[in-house]
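Coming up is one lone chain in structure tokens, specifically the form predicted alone.
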């Protein structure tokens, strides 16, 4: 694919942090965080895509506290975001921090606005490497942060986050948490953590391990994503170049596995509306849109069998495997679906290039018809 159906947005600085504005379901919006070594130059860009005329409108905010490694948005409040960033210390060193921020009302799109700090989070006793801060899917005043050694549950209703509970990674001394995500099912009581080649999921009420996927990949697990439309299904990706989908009730082997990238896969995302569509972003400078129709909530295998019997052309239905791809010129660390439009997705490469792309019309019609 030559990116003909993509709209390109270029940043002045390198970037590896991208999130959709989850609380906004009317407009197609994405947020980008930059990684300039000059701390005061860092920014957050809010990109709004007008699908009808294929144009972009941009608002820019100062993030002078440091280079942004992760950005997430609240599913319940469109103006609330979190950042994990590397900040300078007084001893010419640096330290990782995280905070809950508020996007201001935008009056002048040409001016660079300041962000309001809603909640500061204190990690002084919880590890030095902050991986992510994730908003609870159902509770507006609850968030979870993951460091290299702790999973921390926060009350973020005040200007200083209150540590409600903390779970320590008690595996091998060298094993560290590397990424984490809420399970949107189970009443929001489970949080999944990647640690080396494994997935560990904790019940936040008891602090106990709820379930795990041991040796989910033969190399480091980089990301995971839950299927919003099908219970117990989790997608993972890693340095082995594999995309895998698991039914975690049967952890012995994945129910779906493909290796279509030539290098590490950094990000995996189910389409929240049509879960047979999956995005993967890789260091091979490509974003793949793949089909996992055989294990989706819209499994059409029985339909295919019936159509074959009737002599119809079953090839018009989606098959498992890559459907289309986007080419970047640098490693791609993030790919995200729009919560406002099922057929639009964005991808961000390290050189600061954002592509906003569409699912091909032919694929869209195969799904809808």
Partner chain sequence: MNEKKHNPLDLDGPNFNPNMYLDKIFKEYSLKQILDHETEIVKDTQTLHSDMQTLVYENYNKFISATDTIKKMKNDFKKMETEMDLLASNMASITSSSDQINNTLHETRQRISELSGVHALLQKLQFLFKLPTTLKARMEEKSYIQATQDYLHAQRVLQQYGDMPSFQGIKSDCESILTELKAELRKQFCNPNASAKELTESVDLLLKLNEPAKELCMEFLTCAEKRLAEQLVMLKDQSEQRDIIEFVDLGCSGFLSDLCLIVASFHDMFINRVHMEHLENSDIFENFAAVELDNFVKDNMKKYFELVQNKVDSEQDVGDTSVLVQALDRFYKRIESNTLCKDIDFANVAAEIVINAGRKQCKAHLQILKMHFADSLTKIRQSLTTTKLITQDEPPKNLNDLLNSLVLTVVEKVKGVLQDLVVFLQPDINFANKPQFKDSFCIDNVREGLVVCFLHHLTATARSFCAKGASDPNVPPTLLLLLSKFCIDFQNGHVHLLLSQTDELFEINPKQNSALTYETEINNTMQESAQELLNYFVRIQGLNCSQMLRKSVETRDWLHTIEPRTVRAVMKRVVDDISSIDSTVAQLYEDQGNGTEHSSDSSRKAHSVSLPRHQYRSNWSNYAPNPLDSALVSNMHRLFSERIDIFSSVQFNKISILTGIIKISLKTFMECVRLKTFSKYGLQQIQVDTHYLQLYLWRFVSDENLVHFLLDEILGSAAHRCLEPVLMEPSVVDIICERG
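Residue numbers count along the first chain shown, from 1. Note that this is a predicted model, so its numbers are computed, not measured.
Form predicted together with the partner chain: not shown, discussed below.
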(message) Partner absent here, but in the predicted bound form, which of 198-206, 183-191, 232-240, 153-161 has residues with a heavy atom within 4.5 Å of the partner chain?
(response) 232-240
(message) Please determine whether residue 210 contacts the partner chain in the predicted bound form, using a 4.5 Å cut-off between heavy atoms.
(response) no
(message) With a cut-off of 4.5 Å between heavy atoms, is residue 343 one of the residues that contacts the partner chain in the predicted bound form?
(response) no
(message) I'd like to know if residue 80 sits close to the partner chain in the predicted bound form, meaning any non-hydrogen atom pair within 4.5 angstroms.
(response) no
(message) I'd like to know if residue 262 sits close to the partner chain in the predicted bound form, meaning any non-hydrogen atom pair within 4.5 angstroms.
(response) yes
(request) Report the residue, out of 49, 337, 333, 61, that has at least one non-hydrogen atom within 4.5 angstroms of the partner chain in the predicted bound form. (result) 333
(message) Give me the residue from 283, 227, 74, 147 that has a heavy atom within 4.5 Å of the partner chain in the predicted bound form.
(response) 283
(request) May I ask whether 16, 35 and 266 all come within 4.5 angstroms of the partner chain in the predicted bound form, judged by heavy atoms? (result) yes
(message) Using a 4.5 Å cut-off on any heavy atom, which residues of 222-237 would contact the partner chain in the predicted bound form?
(response) 222
